[in-house]
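Only one chain comes next, encoded as structure tokens, the form predicted on its own.
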Amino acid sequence: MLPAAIFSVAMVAYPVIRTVWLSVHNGNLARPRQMNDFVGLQHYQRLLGDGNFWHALLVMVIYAAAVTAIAYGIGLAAALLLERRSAFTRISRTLLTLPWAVPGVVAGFVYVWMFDASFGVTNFLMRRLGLIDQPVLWLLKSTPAFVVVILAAIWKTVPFNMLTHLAGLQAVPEELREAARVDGATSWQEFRHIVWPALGNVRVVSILITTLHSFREFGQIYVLTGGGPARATETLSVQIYTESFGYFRFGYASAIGIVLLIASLIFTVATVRTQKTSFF
């Protein structure tokens, strides 16, 4: 066990410790001679008064909540529809799983093309259907850009939720469901009292992983909008990149990263405890 333990500590603990160290030092490439100067909690104090940080935090929370709720609902519905094994469901499962295999950066470029104001297929179809008279500036206005970012994330995340729930549905005892049907239970009653409680563990895993992935999502958002327009789609992950490689403020970016880590840990603990109390 010792080699595995050493490897785990080296791969997980050291980067976290290094990030904490950077967050309490100057860490600014604009002042290379002061890179290692200890500044204590100055970066964290600066966060409290940084409007961009609070805005990015709010954007991240709304983005994660929307993606998790919608992707979870669609994934669960797809799993229920494709639960039965047949040639059609096998083909459908394969097709619905494909978006998960597409790299986020590639998916981002596809959505850039789809929602391009001049040449995008979305505006083309909407004009053909008579839904719009003028092209919609999807990626150049705040609200449409945020909607596109969420849609891209949902498209990428639904397959994971579908697959986890398909696996969970296979573990539900068929005898219980058959007994419920014999007793006259409707499809809704069967789902509410047998299937839904049995998916408790799957539900926790799906919600946790989807939300945590949304918290740290960077590549797809950066390719789509770069955090714009006017910071409308800038999450904490995008802000960390901007602060690090745009302004070379590694110390300040590390402080944001530690806050994001703490927020993720708090959400994880709260979700697990809530789910255990409510459903198990």
Partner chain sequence: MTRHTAAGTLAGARPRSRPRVRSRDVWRLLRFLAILLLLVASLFPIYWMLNTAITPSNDLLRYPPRLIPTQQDWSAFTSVFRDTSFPVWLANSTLMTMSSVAVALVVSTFAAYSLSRFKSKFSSIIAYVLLATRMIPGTVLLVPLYMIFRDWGLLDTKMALIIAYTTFEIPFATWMLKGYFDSIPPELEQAAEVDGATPLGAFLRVSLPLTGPGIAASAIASAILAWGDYEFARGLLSSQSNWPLTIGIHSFIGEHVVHWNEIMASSLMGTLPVVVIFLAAERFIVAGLTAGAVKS
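As the structure is a computational prediction, the values presented were derived from the model and not from experiment. Numbering follows the first chain given and starts at 1.
Although not depicted, the form predicted together with the partner chain is the subject of the following passage.
Picking from 64-72, 37-45, 240-248, 51-59 the stretch near the partner chain in the model of the complex, with a 4.5 Å limit on heavy atoms, gives 240-248. Listed residues V195, A180, L163, I150 were compared with the partner chain in the model of the complex; L163 is the one with a heavy atom within 4.5 Å. This chain is displayed alone, yet in the model of the complex one of A167, L137, A185, L176 has a heavy atom within 4.5 Å of the partner chain; that residue is A167. Under a 4.5 angstroms non-hydrogen atom cutoff, the partner chain in the model of the complex lacks T271 among its neighbouring residues.
Taking the partner from elsewhere, R127 is found to have a heavy atom lying within 4.5 Å of the partner chain in the model of the complex.
Put simply, F146 is far from the partner chain in the model of the complex: not one heavy atom of it is within 4.5 Å.
The shortest heavy atom separation between P229 and the partner chain in the model of the complex exceeds 4.5 Å.
Heavy atoms closer than or equal to 4.5 Å to the partner chain in the model of the complex belong, across 13-36, to the residues Y14, P15, V16, R18, T19, L22, L29, M35, ordered by sequence position.
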